[in-house]
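The structure tokens that follow cover one protein chain in two forms, given apart as structure 1 and structure 2.
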Structure 1
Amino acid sequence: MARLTDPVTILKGVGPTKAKQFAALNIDTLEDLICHFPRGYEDRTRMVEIAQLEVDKPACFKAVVMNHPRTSHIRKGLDITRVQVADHSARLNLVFFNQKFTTEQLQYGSEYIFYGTLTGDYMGYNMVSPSFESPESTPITTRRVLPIYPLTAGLSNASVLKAVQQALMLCDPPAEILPPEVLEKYDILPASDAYYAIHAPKTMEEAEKARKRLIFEEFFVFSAGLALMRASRAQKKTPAYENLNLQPFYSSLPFTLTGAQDRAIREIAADLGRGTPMNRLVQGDVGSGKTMVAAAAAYLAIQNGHQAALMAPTEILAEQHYASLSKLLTPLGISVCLLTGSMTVKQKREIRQAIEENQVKLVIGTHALLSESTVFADLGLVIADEQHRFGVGQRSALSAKGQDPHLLVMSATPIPRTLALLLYGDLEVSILDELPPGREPVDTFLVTESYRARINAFIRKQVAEGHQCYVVCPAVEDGEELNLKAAETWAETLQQRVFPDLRIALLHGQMKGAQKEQVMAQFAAHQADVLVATTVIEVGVDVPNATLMVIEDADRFGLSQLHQLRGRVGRGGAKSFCILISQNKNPDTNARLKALCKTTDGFKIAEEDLALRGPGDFFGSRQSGLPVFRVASLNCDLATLKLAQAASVEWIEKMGTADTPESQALRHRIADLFQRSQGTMN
């Protein structure tokens, strides 16, 4: 017997080369291998006679080899092997390309099971490169449901399959962590069956059942982890804030708060006065005014004698926050400072010292604020702006720091309500579902290339009126993918051929931090008319004078992402526009893009996105701030996710948060999942 923690190299046929290929798939141990789940299956169970084979319908059949395979060398790199097979119903010609050695195994007069797809027409049929094996052998490539694995260069499906099967023979699969009553109540396959069934299902139904079980398990673990985090934070004590008077803050605001902002701030004030650490998510569409909510929270923390930290996803955004918040809070006697990586060593040292000596109250920076050697004298509140880069891994790391500051996360990525419950089980949620008054919705149009001249004229018109434009491209350099507008070349084209008299700037993610900031600062200061950019501008720039956003190859982006991009305009008083350019003819894609033209409600768009693409896309995205799910990201249905969540909540309610022997395995898995998600963030 082997152990799950043994390296894959103990397997027969896995040497250093194979091990390296497996490592490229993050597979080092037998457990990793057993948890490398198929991304799909091929149903190869259908057996027919040759005469029953139909074009384009793959099937298995048993046949005798009627002649010696003949291989002709066509040219360098191309060998063709031909062989005829027959059963009592018909004969069939088989053709193999570059499989001389494989086909040499076919013995004249012997019987084999083949699996393949018939091609051709009444002029003549044949079959190209079928799989085959002896009828006496254990079925590997025929007569079965064949798992299809995610692969990497050099590693074939067959070698993954063999390795997984060997691993399952050598050791027991991971232990059951779901409580027996949960298995029973939700009709869930036990772990001992599921791991075998997912890799070697007898039927497609069995494969489905195994997949469902493993998705259920993963979400049960995740959800239980969040519930435990929430419960354990709720037991922590922290001084309840006594001074909850926001009047001075309100009177220094240049505008009246929206009802939604007001509500969120009151919810936050209640949290802060409770005596346990706050754990709140503020979800609000772009432009809904989350910064003011954050400012109010910071104000309260500081009025009660503590420091607050505001973390932004980019330095540019940190600087913008610094500019607007120091303008707002300095008159109220609050010292605000900015701490970013691009400052000089000396500047950073001075600021750190001021933070450590409690001379500054509000510190604004990037996430590095927490990980770097910044020591706070008395950190009472941590605010993370743009939550989707601040995932559960960081959330749990923060609680683990032992300081237990209040936590406020701000998300501009509307997560469908159905998923939000699941994903933020450890957080209270405030929703800003109202835009500040006078904000006109951004008019959005979907057009094809034939509108190019009109689009150019429209850009010119906006600029002539003193406004600025964004042009977003899906790629940075040409050649990344055919026909995609690369930001770099497109900026050059616009400058030289289309708008020689306008000031065109370029911004993309591959530029150095300082360079990016410089470009952004120039655009914000109206030293450029048109900013050609990649999605780096998706989060975190605020240029109210920008009134037009043109998105090239819009079909390449997800709906939520397009909505996010669109949020960069319409931030000032002037009427704003968004033009989506797409040459895509796919009716589904166009329906998707048209939906975006019709609505500006980020939550509705997110629901639509979820319905169209499934939850997998939300989990698959590296920036979602979610853990890296193994099965759940493949292709899962919301119903299973919801059941798993309900089950875990029930279970935690019953078990409590005590560290009992029964909950050990579960806790272990939770730690694993959160750990795994931490490394992939940022």
Structure 2
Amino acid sequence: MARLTDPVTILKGVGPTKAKQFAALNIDTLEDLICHFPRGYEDRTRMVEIAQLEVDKPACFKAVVMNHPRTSHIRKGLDITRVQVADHSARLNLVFFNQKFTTEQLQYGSEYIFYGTLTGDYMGYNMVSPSFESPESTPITTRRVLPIYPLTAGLSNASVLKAVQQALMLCDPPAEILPPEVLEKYDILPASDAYYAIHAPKTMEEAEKARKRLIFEEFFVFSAGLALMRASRAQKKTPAYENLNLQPFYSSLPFTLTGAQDRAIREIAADLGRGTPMNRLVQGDVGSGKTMVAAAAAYLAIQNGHQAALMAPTEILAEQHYASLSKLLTPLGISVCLLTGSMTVKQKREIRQAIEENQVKLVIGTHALLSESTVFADLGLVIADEQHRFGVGQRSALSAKGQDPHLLVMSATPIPRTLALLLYGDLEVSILDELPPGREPVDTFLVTESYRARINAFIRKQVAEGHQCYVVCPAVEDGEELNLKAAETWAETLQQRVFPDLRIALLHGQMKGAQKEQVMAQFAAHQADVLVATTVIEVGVDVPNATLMVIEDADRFGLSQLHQLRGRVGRGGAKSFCILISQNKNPDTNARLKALCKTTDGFKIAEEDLALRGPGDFFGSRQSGLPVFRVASLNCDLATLKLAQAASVEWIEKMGTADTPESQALRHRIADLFQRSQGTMN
């Protein structure tokens, strides 16, 4: 009997070359192969007569070859083989492209079973490149539900299927991790049945039951992993903060906090007084006042004798935090410093010395905080701004500079509750769902290209009133995709042909970091009137003077991303506007964009975006933060996710640290999932 940890090379027909091809799919062992699940199925169980074949409906039929296959060489790289087959009901012409081998495999007068899709109309019907085999063939590829696997260059579906079937014959599938009561309560197939059924289902219903089991299993493992992480943190001890008096902090504020801010601060204070390390996410819409909540947390840490560190994703954001927080906290006797990569060696050395000697209580910076030469005297609180921009490794590296410091992460991306549970299941969540008084909502309009002259006039009007504008493009340069506005070309057009008298700046993600920082800083200092940019501005610069955002080809962005972009304006006292330009005629797309015009509630927009596009696309194509699942699809399995989360919480609470075979297997699987997800999960 083989073991799951054995390499795939023990399989017949898998030599070094094929092993390399499997490795390209992250398949090295028999377990990897058995866990390489089909991406879909072809139901080849439907057998019909030729006369019953329907256009565009795949089916199987049995027929006799009526002539010798003939191959015609059309041109270089194109051969066409034609053959006619028949049963008692009708005849049918088959066409094969670049499959000359069919002339030898299809014997005149012999009977075969074919699987394919009929094409054509009343002028004539045929079938292009159907699968076929003799009725005695084993293993069969027709008259069955055929799994279709993710492939790579050199690997055919047949070769993967053959290898998987061998692996299942040689060793037992992965061990059962779901307890009997969970299997019964949620009507879940046992592992021993599910792993066989997903690779060789007898019916589509059986395939669906197996898939449901494995989706449930993955979500259960992930949710249990988060629950165990939370439980292990709860066992850690840290001195409870005794001084939780925030009255001096509140008295120094030039404004009144919102009810949501007050609630979040009270939740943080309770965490800090508990005697275990805080792990809390403050999630709020753009402009909801997360920075003041972070300032209150830092104030409490410092009043209890510790240092606090706030890490921002860009230098300009770090500088803005430094400007606002030092103005707020310095009068309270709290020393604040800024540490960024662009500082001189001497500046960095002096600041790091002050941090190490405990002369500075609040340190604000970028990744420079993570360097080995940054040593804290007593780091008690870590604050990570724009959480989804920092991976778990970076947060851990900063936390490692203290003795189990408290952790506060902030996100301006509103995330629906189901997805928040998935992404931040190991964190407590505070939601800021109110905007500070005085902030006017941004008026949003959806228009077509026919409004271009009016838009240009409106840009000129805003600039004449002393304000600034953003123009966002979906592409960086021409040629990325046809008919899309490209930032580089559009900036040039605006400067030379439309607004020669205005100062136009350009910003995109392909620029070097220092160059980006410089452009953003210049725009913030009102050294440019119009900033033409890609979505690189989605997180970052705070320019209260910017009152207008024009988004070109708005249909190319997700709703949540459009909402984030819109949040760049409306940060000052002046009335602000967002204009979405789209030529897309699709009614669903227009309905989606109109939804953005109707509301400025980021959480409502996020729910709408999730329903329309699914979480796989929620953060854009290069989003980070979602775990790596083998079979579960976040786009369509959210109902199963909720069930699995409930089941895992029940199980962890009931079993705790029980040492059953299922719990041992579960811990092994948790470690495996979190290892595979490293670098993508936050």
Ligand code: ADP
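Since the model is a prediction, treat every value here as computed from it, not as a measurement. Between two forms, the rigid core is defined as the largest C-alpha subset superposing within 1.5 Å. Counting starts at 1 with the first residue of structure 1 and goes up one by one along its sequence.
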Pick one: which is the form predicted in complex with this ligand? 1
Under a superposition restricted to the rigid core, does F101 display a Cα displacement of 2 angstroms or more between structures 1 and 2? yes
After fitting the core, E517 CA displacement of 2 Å or more between structures 1 and 2: no
So, superposing on the core, is the move of A175 at the CA at least 2 angstroms between structures 1 and 2? yes
Align on the rigid core first, then pass along the CA displacement of E133 between structures 1 and 2 in angstrom. 2.4
Look at the Cα of A153 between structures 1 and 2 with the rigid core superposed and state its shift in Å. 5.3
